[in-house]
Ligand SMILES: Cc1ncc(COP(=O)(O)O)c(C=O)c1O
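The chain that follows stands alone, in the form predicted alone, written as structure tokens.
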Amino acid sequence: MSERADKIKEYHKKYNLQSWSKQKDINPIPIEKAEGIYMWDFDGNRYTDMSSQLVNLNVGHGCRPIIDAIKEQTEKYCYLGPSYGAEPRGELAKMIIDLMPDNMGKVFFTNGGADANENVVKIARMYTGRQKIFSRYRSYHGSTYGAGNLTGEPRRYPLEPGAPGFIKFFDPYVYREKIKFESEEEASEYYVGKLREQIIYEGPDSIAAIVMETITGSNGVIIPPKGYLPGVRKLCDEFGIMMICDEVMAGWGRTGKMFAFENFDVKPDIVSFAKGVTCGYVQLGGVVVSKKIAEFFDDHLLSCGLTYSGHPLACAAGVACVNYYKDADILTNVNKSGAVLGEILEDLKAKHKSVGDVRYIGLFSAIELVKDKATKEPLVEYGKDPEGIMGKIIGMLKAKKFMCYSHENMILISPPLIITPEQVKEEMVKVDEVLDEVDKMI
């Protein structure tokens, strides 16, 4: 490794606090360059990005239209406060509204997904005059204080005792449910019924919003059964509750539709987004609100604000990125490559005794690892992995230059949306080889 690479690693380890890590264990790979779905270190080793970094680099590395748009904007101005008319800010907002259902009205831009979810809570409370917010246990909405209270999984623990008014309910996690349902519709009826019961017990007039990742992301790519989201929509309509879809991870083409809720024939009241709107080239997030909510704030103060709301460089990147999705026909590629990925995942499930379930939609997938297929005992307990088993498995993939991540007992595979069917086949051979080793561990 070159002297430059050594210095990068040294400084990273010595001066950076790396998220979600015991600092003594970090061992960053110094990256010299990246292009498409690949990265290269300073020794020329090629790594394949099979998680789109943090499921945000949808168009891959080195997307020239986005790079050029950022450069062009820097020559005009790099920053204007939110109250000024910045051309890319208005243009991107219009583009987003044009992609949304016909009930949606305006966009409030944020810096990323966590503060987008901070603001969905504030907007829902201001609009409804209610306080309680429902969200799910197997969810991740960010790690800032409000978004962390929305979050249901163990990453919320450092925030506890949390803020009042945040209520948790269970996901429609059919694979892990003790009840054996005859159909997806029957499962949905059960889960929606339990949610309705909880709403009654909490007091419908006190509930401002139900916040859901449209498809649960890092907590297992849990795809709602048929009829579930329309059922939640009906509950929200019945009780005057805002239906909020967190599309931070699942949006922007990841599922084969521009937004994940399009797969389920529902229209949310509020949508949060980030990640794929600029694919990380410049950080950006936002909140889309319905026309009714937008009209409410014509005469009521919108008590939300951020110094970098609608940052011109970020919005210029966003305009170029959204145009690229269309110009490069990304959705067609997602469905084509996603079909190949799905077939391979089903083959892995049939072949390997360690694979309890596979879940996939578009290029959004998870492999759930178990000790026993019959009992569905997870390879590691929920919230616990004292022996670092999942880290070892990810390490085996890393040794094959297959870069992804795990959460709980799941391997998450969500490659850039530009990946070809041939590249999917080439890379998934590595997963097959690692699962051979996992089978020997159980």
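Here the structure is a predicted model, which means the values were calculated and not measured. When you see a residue number, it is the position in the sequence shown, counting from 1.
Another form exists, predicted in complex with the ligand; not displayed. Remarks below refer to it.
*Asks:* Only one of these stretches, 323 to 331, 301 to 309, 126 to 134, 141 to 149, has heavy atoms within 4.5 Å of the ligand in the predicted bound form; which one is it?
*Replies:* Flagged stretch: 141 to 149.
*Asks:* Quick check on residue 367: any heavy atom within 4.5 Å of the ligand in the predicted bound form?
*Replies:* No.
*Asks:* Answer yes if any heavy atom of residue 242 is within 4.5 Å of a heavy atom of the ligand in the predicted bound form; otherwise answer no.
*Replies:* No, residue 242 is distant from the partner.
*Asks:* Just to confirm, residue 269 within 4.5 Å of the ligand in the predicted bound form by heavy atoms?
*Replies:* Taking the distances in the predicted bound form, the answer for residue 269 is no, it never comes within 4.5 Å of the ligand.
*Asks:* Please run the contact check for residue 117 against the ligand in the predicted bound form: heavy atoms, 4.5 angstroms, yes or no?
*Replies:* Because a heavy atom of residue 117 falls inside 4.5 Å of the ligand in the predicted bound form, the answer is yes.
*Asks:* Identify, from the list 280, 112, 231, 225, the residue with a heavy atom within 4.5 Å of the ligand in the predicted bound form.
*Replies:* In short, 112.
*Asks:* Can you pick the one in 249, 208, 221, 317 that has a heavy atom within 4.5 Å of the ligand in the predicted bound form?
*Replies:* Residue within 4.5 Å of the partner: 249.
*Asks:* Using a 4.5 Å cut-off on heavy atoms, what residues in 54 to 70 are near the ligand in the predicted bound form?
*Replies:* Nothing in this stretch is in contact.
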